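One chain comes next, on its own, written as structure tokens: the form predicted alone.
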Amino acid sequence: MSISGGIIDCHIHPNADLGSTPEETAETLLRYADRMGIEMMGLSLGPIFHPQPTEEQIEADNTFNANIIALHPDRFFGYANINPNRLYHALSEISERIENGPFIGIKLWIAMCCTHPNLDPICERAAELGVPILQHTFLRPEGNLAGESSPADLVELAARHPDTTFIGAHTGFNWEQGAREFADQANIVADTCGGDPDMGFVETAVRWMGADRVLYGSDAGGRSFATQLAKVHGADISDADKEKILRTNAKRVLNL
């Protein structure tokens, strides 16, 4: 299939094995993205993942990603990394990195479960700025990590903040359950990133949530662009729905 423009990958990371500097990391990512027809990529976290990041680590990761965007503003966008345990600093980073640029969203990982009240002022700020929150969601067979949010946790938070848009990262990893749990919470969209290129992932998300609420993401550099694109290209859905997932939904949700 062909789409009217390049693919938008809503979820990547500048892992340390991609390069030691913003220049090297950008060069590596662009080399592989160009092979796969990916036009734009959304950066979050940093070269080393910190489950409970300090203020200094948050600032360093956000600056690293901002430098990549400055090198190639037509190819990269970013989410402000924050730690809700450090609420004052989190709100400061949102203002610094989003209100003053260049980021277009907020990233929440596993520092705190998203049902915690500390998330409320963060969500309110996101609504004020009109930007989405990319929230890591997982359902591990052995039980989630400390501070890790499940799809049900995100549904609880999203119900408290109907004016905020949330991207449920990984569709909960257990995507069959995640898509069903997200289905009735209209301000949650799901991304397809991470995990194996399982048959049925995208079809299930579209069946439960509708094609307008599914975004392509890869989780590169932890996963390859190609295997994650295979979930969409190989899905038994219409070409029009594939174009929504690969491009037009991201343009709308991320205000690109």
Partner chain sequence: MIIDCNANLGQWPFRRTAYSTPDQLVERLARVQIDHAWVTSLDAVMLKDVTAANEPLAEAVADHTQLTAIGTVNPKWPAWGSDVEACAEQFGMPGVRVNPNYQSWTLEEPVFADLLAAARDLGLFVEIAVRMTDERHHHPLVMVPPVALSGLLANALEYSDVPIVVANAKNAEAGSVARDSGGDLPDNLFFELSHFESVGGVQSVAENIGVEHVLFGTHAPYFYPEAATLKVFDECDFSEADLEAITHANAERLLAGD
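Numbering follows the first chain given and starts at 1. As the structure is a prediction and not an experimental result, all values here were calculated from the model.
The same protein also exists as the form predicted in complex with its partner chain; that form is not shown, yet it is the one meant from here on.
Chemist: Would you kindly say which of 215, 188, 43, 220 lies with a heavy atom within 4.5 Å of its partner chain in the model of the complex?
Modeler: If I apply the 4.5 Å criterion carefully, the residue I get is 220.
Chemist: In the model of the complex, which of the stretches 65 to 73, 49 to 57, 207 to 215, 192 to 200 has residues with heavy atoms within 4.5 Å of its partner chain?
Modeler: Of the stretches listed, the one contacting the partner is 192 to 200.
Chemist: Assess the spot marked by 142, 174 and 235: is its partner chain within 4.5 Å of a heavy atom from every one of these residues in the model of the complex?
Modeler: Affirmative, all three are within 4.5 Å.
Chemist: How about residue 138: is it within 4.5 Å of its partner chain in the model of the complex, going by heavy atoms?
Modeler: Flag for residue 138 set to yes.
Chemist: Residue-level contact is defined here as any heavy atom of the residue lying within 4.5 Å of its partner chain in the model of the complex; does residue 16 satisfy this criterion?
Modeler: Residue 16: no contact with its partner chain in the model of the complex.
Chemist: Any residue of 14 to 37 with a heavy atom within 4.5 Å of its partner chain in the model of the complex counts; write them all down in order.
Modeler: 18, 32, 35, 36, in sequence order.
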